[in-house]
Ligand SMILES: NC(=O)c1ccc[n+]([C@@H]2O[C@H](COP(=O)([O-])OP(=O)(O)OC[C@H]3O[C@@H](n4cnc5c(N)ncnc54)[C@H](OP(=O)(O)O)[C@@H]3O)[C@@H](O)[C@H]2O)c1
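Next up is one chain by itself, shown in structure tokens, the form predicted on its own.
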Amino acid sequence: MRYRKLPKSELTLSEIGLGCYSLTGAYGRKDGEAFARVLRRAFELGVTFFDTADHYTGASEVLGQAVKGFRDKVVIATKVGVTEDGGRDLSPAHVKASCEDSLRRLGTDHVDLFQVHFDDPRTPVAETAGAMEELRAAGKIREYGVGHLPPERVAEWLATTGAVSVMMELSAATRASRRGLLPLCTRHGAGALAFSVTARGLLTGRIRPGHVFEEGDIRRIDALFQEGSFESGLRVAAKLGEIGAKHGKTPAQAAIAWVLAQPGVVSALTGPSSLGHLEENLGASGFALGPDELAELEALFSREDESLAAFRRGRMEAVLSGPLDPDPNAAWKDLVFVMEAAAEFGLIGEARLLEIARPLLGARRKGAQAADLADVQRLLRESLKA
């Protein structure tokens, strides 16, 4: 395993880290003890960077117990900002209370990296950062960073506070962070922490056309796995597989190596579901793609970006201008697609998207009804015209 220093801090991270999001059940049910074995084996193989969040139910407890015997040899990151009801709260009181809760769940006296998880437009950055500085002065956190924020908010954090890192989704299939967030990291000397580096498994070579995910797996509704994006991702996966094979590497290892080749990336977070997947992922450490191979991928990305943009705009227009699909579940997925595309194109601000997401998620919870979905369709149409 190779290691990289997080700029503007004393923290050194394994260039491949391990995240605990899968313990939430987002990708299907996971066994906590089995995941703890993965965590311990990861440390044996050189992983020193582990990431969780305050609302990943049960994950912090599993992580804390797994690393108990070598706590002083690892970097633990967690996050704050999401409330129990799914709202956003970065008030100083909530930040401090969340930190105390995280320390208790993790069974530790300090968090190495405390990260803003999602934005709270009601709370000024200075107030949240002030709370972070107080926690650092008290020895309860070593450093703090941000993630899942719109670029303009990230820019404010990096320009006005002591934030040292930016967590971002980044893979060869989801490249938007290269346009907005990575340049900000370079400009302000912050470290980039990448997650979903194999595009939630899409780039591993194990997902094929027609793949059906189990009930409860968020990839059943994830826009990345819907028409257009899914086919594009499979083409990228095939190219990564072709490149990796020349070096005796798997598509997943080539995908992780591509992320680690991006300027400013300090660590690539993975979420292996088994010991075999863990060992495969860690095989990407120290593997570098050659200049010609990176250029081949860039040429492919340019073609994919052009065709995907045209497809997404056409699909958005079709969903919003015509009647919704008579199948409520299909209509719900169509509206999620529109929201994802609107966010990627910067057509609707994050605060407004969150407002629209609440009734859409509410419709999902109570069983999608045509009238509720039509209301969301109207809100999206009005927001795009504004």
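Position 1 is the first residue in the sequence shown; the rest follow in order. Everything numeric in this text was worked out from a predicted model, so none of it was measured.
There is also a form predicted in complex with the ligand; it is not shown, and the following applies to it.
By the 4.5 Å heavy atom rule, the three marked residues 226, 337 and 381 all fail to count as contacting the ligand in the predicted complex. Across the options 156 to 164, 291 to 299, 133 to 141, 275 to 283, residues that bring heavy atoms within 4.5 Å of the ligand in the predicted complex belong to 275 to 283. Taking a 4.5 Å heavy atom cutoff to the ligand in the predicted complex, the contact residue among 236, 243, 269, 125 is 269. Put simply, of 196, 102, 177, 232 only one has a heavy atom within 4.5 Å of the ligand in the predicted complex, and it is 196.
The ligand in the predicted complex comes within 4.5 Å of a heavy atom belonging to residue 252. In the predicted complex, the ligand sits within 4.5 Å of a heavy atom of residue 206. A residue is said to contact a partner when one of its heavy atoms sits within 4.5 Å of a partner heavy atom; residue 201 meets this definition for the ligand in the predicted complex. Looking at residue 117, you'd find a heavy atom of it within 4.5 angstroms of the ligand in the predicted complex. If you take 212 to 234 and check each residue for a heavy atom within 4.5 Å of the ligand in the predicted complex, you get just 219.
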